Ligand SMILES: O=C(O)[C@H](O)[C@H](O)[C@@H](O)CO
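Shown below, as C-alpha cells, is a lone chain in the form predicted alone; questions about how it binds or moves come after it.
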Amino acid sequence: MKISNVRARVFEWKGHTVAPQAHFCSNAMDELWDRGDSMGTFRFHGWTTVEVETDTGIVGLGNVALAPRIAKAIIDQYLAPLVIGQDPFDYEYLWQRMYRSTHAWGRKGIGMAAISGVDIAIWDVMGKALGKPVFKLLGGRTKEKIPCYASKLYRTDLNEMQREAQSYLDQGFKAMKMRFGYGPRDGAQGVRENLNSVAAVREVIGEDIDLMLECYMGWNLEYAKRILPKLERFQPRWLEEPVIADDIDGYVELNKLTSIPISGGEHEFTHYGFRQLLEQRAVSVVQYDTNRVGGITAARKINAIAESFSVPVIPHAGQMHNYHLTMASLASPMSEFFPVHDVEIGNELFYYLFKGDPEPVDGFLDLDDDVPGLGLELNEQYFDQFNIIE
C-alpha cells in the first residue's frame, strides 16, 4: 500500500456566530492597549481537513485548526510531495522526513501544525487498513472509559455562569473548567472580579467537584504571583497557561510558588519542547494538542516522557485524535470535552465539520473497539455553512 494523494481543504465558517463580549476570556493580547475584540486572533472559525489517499482506496482523515489557509499551502507545496509514493506504515520515517525537511521554518507553530494534520491522517489510514481503532495501535485500552471534564464557563454574568455550572452537574460531570476575564491592566478591581467568578462557580459545585482555572496566557508573572495565593482557598485542580508560552522561566517560578498545579503546553511543539518543560519542572500537567504538537507520532513520545516524570497528560481540547491517545496511555487520566453549542470561540466548530465523536455519559467517554481508524467522517450536513477552498 502506498500513499497516492494528499488533499487539503479549507473550511471557513459563514454560519451563525455568537457575538464577542467584553472580558469574555483573558488572553495574550490583553497586555496591549487595543480597541475591539482582544480574543479576535484566538477565534478559530476556519479549519483545514487533510485526506491522505492510498492506492488501495483507503482514505485517512486528519485536521489542522490553526491558520487554515497557510496550513493548506504548506501541505500542498511542501508536505504532500514528501509522503506521496510512500508506505503509510513507515510513519516514523515520514514524520522525520516532514520535520527535518521543513526544520528551518516549520519546527514550531503552523509548520508543525500542518505536519500534525498529515500525520493524524496517516494513523487513520493504518487503523483502517488493519481494521482496528487507532488506540489499539497505540497500546490498547488502559481504562474502561475516559473520565472527562466540561470545558466552557467563559466569563459572563455570574448568575449565568452558575446556571451553566449547574447544568454540567446535572449531566453527571465530576469536573469542569472555567475562564478568567480579567488581567493585569484591569488592576485591583480585575483581581476582585476574577476571585468573585471562581467563588460563584465553587458555591454551586461544592468542594467535591474538580475545578480547573484557565488564564489563556492573559496574565504576566508579577500579576500571577499576586493572585495565586488568593486562589488557593478554592482548591483548583490546576491553573492553566498563566503566562505566555515562551516564558518558561515564569512557569518554573509559578510552579514552585504555589500549591496549585500549573498546567500548559497547548502552545508547545514536539517531544523536544516538552522535554524542556518537564526537565525544568515548568508544568505539573501537560496539555499538548495532537493537531498542533506534531500529530500522533509526536504525541505518543510526549506521553512516554511525561510518564517517566510522573506528570499527567491531559490534552487540550477533546476531539478524536486526542481521545485515542488518552485511552491508550496510562499517563493520561482524563480528557477535556467542549460542550456542543453555537459557534463562538471555534473549538465547537469541530462538531459541525466532523461526525463520530462520542457523547459523554455521566462524565465519561468511550471509544468503540470495532470502529477502525479514528472513527471520524466529514459531516456534509453543514457544508453549506462553510466557504470551502480546494
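In case it trips you up, residue 1 is the first one in the sequence shown, and so on. The model shown is predicted, which means the values in this text are computed figures rather than measured ones.
FYI, the form predicted in complex with the ligand isn't displayed, but the following is about it.
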query	finding
In the model of the complex, His316 touching the ligand (heavy atom, 4.5 Å)	yes
4.5 Å heavy atom contact, Lys128 to the ligand in the model of the complex	no
Partner contact for Glu268 in the model of the complex: the ligand, 4.5 angstroms, heavy atom	no
Asn347 within 4.5 Å of the ligand in the model of the complex, heavy atoms	yes
Segment assignment from 226 to 234, 164 to 172, 89 to 97, 213 to 221: heavy atom within 4.5 Å of the ligand in the model of the complex	213 to 221
Full three-residue contact with the ligand in the model of the complex, heavy atom 4.5 Å, for Cys25, Tyr154 and Lys177	yes
Stretch 309 to 341 - residues with a heavy atom within 4.5 Å of the ligand in the model of the complex	His316, Glu336, Phe338
